[in-house]
Structures are given as structure tokens and as C-alpha cells.
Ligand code: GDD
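Shown next as C-alpha cells: one chain only, the form predicted alone.
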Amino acid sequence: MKAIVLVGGFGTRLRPLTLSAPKQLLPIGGVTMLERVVAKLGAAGVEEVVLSLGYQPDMFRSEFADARCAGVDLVYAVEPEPLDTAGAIAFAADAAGVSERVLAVNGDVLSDLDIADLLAHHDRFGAAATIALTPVEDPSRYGVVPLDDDGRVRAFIEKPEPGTAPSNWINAGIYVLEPSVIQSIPRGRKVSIERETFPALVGAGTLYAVQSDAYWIDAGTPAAFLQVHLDLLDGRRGTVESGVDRTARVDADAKISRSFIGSGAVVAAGAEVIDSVVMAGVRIAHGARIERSIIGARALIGDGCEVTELSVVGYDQDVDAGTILRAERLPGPDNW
């Protein structure tokens, strides 16, 4: 089994973190987001993953220099220009010589969906494509997918206006695609799988879907990125993960609560870190307070700083002593 993982986006919602690293190379509990995605695929029997690359492709090559990730072989397919979701899938398939059925996965989706069950349903349906669905409270940000009783997709409604969605079951960004679907995607231009490919399959009656309430999150926003970490600490994905890396140095008079502290990080006396993510090599000085925020690698948080309310500090940033950041990003948009 082969899979195509879409990792070509610019990660604009996670800036300034993604000014320094592509979204899928950001660490989640000390392991890159991509490694968590690929490990899930490998556990389901996938032996080769084609990475559909666009933004900073050389960083992926450098991170996985042996073309292996989580025990799975990697193939790199670098888009010459952004081709949107379906266009990226077709380009990656062509570049890697994929001619068989394939799994396609959004690289910022972390899920405990049963992939074997998805494949089994796909076979039972006799579908050209089968998509995984997940329930959400507010479906207006996503593609809403109403179904017939037999699992056939009746419509594909991309980002409906709030309050107008016929269902709260949305496209989870995990697909099984037959070769005929890949072959039908036009080459050489942008093609959206949500707005063009899937509606065409609905018209042909060959698009099916499987509903699953397994753990699922789109980790592409600061709020979701933070929530992923809190979920790991709370054991929502099974085993509770340790929050403080063994190489971090936390003073006995510092307070760490429900937070990830990365490798080589230093937390000084009197500092507090609550419900937050502190990446590798960060230094948090005396009396600083970090709450519900994300601190990028190698940043320095000065004495007495307050960083709260989902603030995001980018890689290698120095925050002067006494600075107060509430719901802010440093550097800000003017420097993006």
C-alpha cells in the first residue's frame, strides 16, 4: 500500500512558527507532526509515502536524509507551483509512478481513525473514492458531507455559511482513491479535490464515505496545535505522554503544569509554565509566566515576562524582561 501525504502548504495560520519550519516539521511532544502522521500510516500497512512538497522542500530532505520516516520509505515530489489538493495528489502520483489504489492524507491531520476499516468499507462499496468523515461542533470551516443510507455521498458542501450545514459530519482529509480518480484529475493547473474532483464523483454516484468518531484534529492553527499537546498529556490518544524532556533543566522553584518542555530548554526559579508548549532550547528567565501559549525553539523569555492567552513566540526570538504578551504573535504580521 502506498500513501500520498500533502505537506506543500505555507502554514500561514501557524505563523510565526512556520517562518522557520514547515508546519509538518514542527515538533509535537518532541516528534515532528509528519512522523506522527506517517507512523499511523505505517501501522496500517503503508510501506511507501509520497510527500507532496511545495514550501521549503529541502528542510524535509534534510530532516529525513535517508528517505525514511517512522520506518516507512519516503519519495519526494516537489511541485513546481502550488497545484491545490487534487492537483498536488496527481502530481505526486505521476512523480512517484503510483498507478495503483492510494491513500491520500492531509499532512496536518492527526487522527486515530481505523484505516483498515476505511479500506474494508471502500471495497464493500465498490467505490471510486471513499472519504473519512468526522463530527465537529462548527462545520462552517470545513467540507460538509451528507450521505444516503448506504454510505453514498449525496453532496459535497465546502465551507457552508454558519447555520446552513445539513450535517455536522465533515471531510476528515483522509481518502482512498482508485487509479481512475487520479487519472481523471487535469494536469498542469490548480485542481481542488473538494470543489472539483469530489463533486464530479458525486454526480457519477461513485463517491462514498465512512463516519468515525475516533480522535481527529486539524493541527494547523495555534489553538489546535496547543490542543494536540494537551490531549497527549491528558491521555486522550491512549498512553499519557511525558511533558518534560529528560534533557530540559527545570529549577526546583519553577512551576510546570500540563505543559510540554522541549529538549535542552531551561526554566529558571520562580517561572511558571501552564498549559503551554515550550520547544527545544528555549530559556525562560526568573519570574516569567507562560500560560496557554506556544514558545518557538531557542527563544528567550526575559525576567518577569507574561506570555498568555494563546500568544505565539517564533523561533530564536528574544522577549525583553517585563514584556507582556496577551493573544499576540512575535514577530507580528508586519514582519511576515
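Note that residue numbering follows the sequence shown and begins at 1. This structure is a prediction, so every number in the text was calculated from the model and none was measured.
One more form of this protein should be noted, the form predicted together with the ligand, which is absent from this view; the next part is about it.
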Partner absent here, but in the predicted complex, which of 122-130, 152-160, 179-187, 228-236 has residues with a heavy atom within 4.5 Å of the ligand? 152-160
Close approach of residue 175 to the ligand in the predicted complex, 4.5 Å, heavy atom: yes
Flag residue 243 as yes or no: does it have a non-hydrogen atom within 4.5 angstroms of any non-hydrogen atom of the ligand in the predicted complex? no
Just to confirm, residue 9 within 4.5 Å of the ligand in the predicted complex by heavy atoms? yes
Quick one: is residue 206 in contact with the ligand in the predicted complex, heavy atoms, 4.5 Å cut-off? no
Looking at 259, 85, 111, 197, which has any heavy atom no more than 4.5 Å from the ligand in the predicted complex? 85
Within 11-28, which residues come within 4.5 Å of the ligand in the predicted complex, counting heavy atoms only? 13, 23, 24
